[in-house]
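Heads up, the chain below is alone and in the form predicted on its own; it's given as C-alpha cells.
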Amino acid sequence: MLAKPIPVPPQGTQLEWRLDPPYSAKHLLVVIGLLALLLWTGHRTEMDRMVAMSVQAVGKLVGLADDSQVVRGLSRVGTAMWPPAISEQEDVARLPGLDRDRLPPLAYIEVQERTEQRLNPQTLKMEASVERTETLVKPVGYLWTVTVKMLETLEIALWGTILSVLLSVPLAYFAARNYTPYRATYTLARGTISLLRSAPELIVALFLVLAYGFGPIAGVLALGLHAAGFLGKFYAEDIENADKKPQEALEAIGAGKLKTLWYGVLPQVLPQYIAYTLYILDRNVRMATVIGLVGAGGIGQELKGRFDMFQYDHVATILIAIFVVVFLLDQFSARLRARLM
C-alpha cells in the first residue's frame, strides 16, 4: 500500500490557518441554563439551608460559631446512644411464672432500693419512704435479643434471595431475545421485570403486611419480588451477550435450545450469575433492616420500637450489630467472588 505524499505549498505562499474555538456562545447559554436549573431545584430542596447549617456546625466545632442546631441534635443523640445497651432488666413482679431456682444462664436477681417522697395521710406531710424492688438482670440479655433478631434478618434476606433466583431464572429465559420462543413472551417477560424493579421493597412490604400480617413473610416476599426484577434483567442480558461460537457449534450438531443454553451459555455466565446473586444477598441483608420498620420482621422492627421509645442506647447496639453483619458479609462475598471470577 502506497502512502499518499503530503501536499507541500509552493514557495512564497503565505500560510494562513485558524483553529475554531471548541466552545461557542450556544454552549455558554446551555451551561448558564443548567446552573439556573440547579439553583432553582437546589432552593426547592433546601440545599442552601443545608449548606448554611453544615457550615455553622463546622464553625461550632472549630470554635468560630456560638451555637449550632446540628451539633446540638447530634450531641444529644450521641450522648444518649453511649454506652450501647448490652444487659436487660425486668421487674420480677411482672414475671409471675419466674422460677427462682432455674434462672436463665448468667441471670441473677438484684434488689434495688428507691427512695420516694410520699404524703402521710395522718400527718399530711411528705415523708421519705424506701421501696425495695426485685429485678431480674440478664448481663448479656439484650445482646442475645439483637443476635436472635439479626439471625431472623439474615434468614429473611436469604429466603428473599432464594425466591428472587427462582423467579428470575424463567424470566431471564423468556426475556433473552435470542432464546425466547415468541415476541409476545419476550415483551411479557421484559414488562414483568420492569414492573418488579419499579416497585420499591418498602412500598411492597407495606401492602404485603396488610395481606399477610406482621412478620417475616411480608419481608421475604417484598425482597424476593423486587430482587427478581434486577436478577431477571442481569441474567437475560448475560444470556444475550454470551459468546455465540459455542452455541453455534452445539446447534450445528443438532442440540436444542435448552441443551445449548445448558452447555453453551451457562458455563460462560455462571461466575457472573454467582456474583450478581451474592450482591443481591448483600443488598437484601441491608434492605431487610429497612422493611422491618413497617412491620415486616427482622431487626428493623426492633429498631423502630426502640427508636419510638427513645431508647437510643438500644438503638446503638442494633446499629453496631447491623454494621458488623454487613461488613462480615461483604468480606465473605468479596473472597468468594475472588475465587470464582
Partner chain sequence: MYRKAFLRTAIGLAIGLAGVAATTSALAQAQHDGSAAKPLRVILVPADGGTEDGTKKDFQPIFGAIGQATGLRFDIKVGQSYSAVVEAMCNGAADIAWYGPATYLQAKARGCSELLALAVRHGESVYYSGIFARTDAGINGVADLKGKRIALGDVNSTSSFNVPVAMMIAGGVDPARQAGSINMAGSHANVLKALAEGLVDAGGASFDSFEKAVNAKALDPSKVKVIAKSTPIPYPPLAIHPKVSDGVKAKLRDAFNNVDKLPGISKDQIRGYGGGKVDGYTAKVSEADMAAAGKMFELVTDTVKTDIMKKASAR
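Since this is a predicted model, take the numbers as computed values, not measurements. Numbering follows the first chain given and starts at 1. In this text, rigid core is short for the largest set of C-alphas that superpose within 1.5 Å between two forms.
Absent from the display: the form predicted together with its partner chain. The rest refers to it.
- Its partner chain in the predicted bound form is not approached by D67, whose heavy atoms all lie more than 4.5 angstroms from it.
- Looking at V269, you'd find every heavy atom of it more than 4.5 angstroms from its partner chain in the predicted bound form.
- Although the partner is absent from this view, K26 stays clear of its partner chain in the predicted bound form, with no non-hydrogen atom inside 4.5 angstroms.
- Although the partner is absent here, P96 lies within 4.5 Å of its partner chain in the predicted bound form, judged by heavy atoms.
- Of the candidate stretches 189-197, 261-269, 173-181, 235-243, only 173-181 contains residues with a heavy atom within 4.5 Å of its partner chain in the predicted bound form.
- Contact annotation: of the candidates T147, T135, T79, T185, the single residue with a non-hydrogen atom within 4.5 angstroms of its partner chain in the predicted bound form is T185.
- A heavy atom within 4.5 Å of its partner chain in the predicted bound form is found for exactly one of L151, L119, L166, I109: L119.
- If you take 304-335 and check each residue for a heavy atom within 4.5 Å of its partner chain in the predicted bound form, you get K304, G305, R306, F307, D308, M309, F310, Y312, in sequence order.
- Core-superposed comparison between this form and the one not shown: the CA of R118 exceeds or equals a 2 Å shift.
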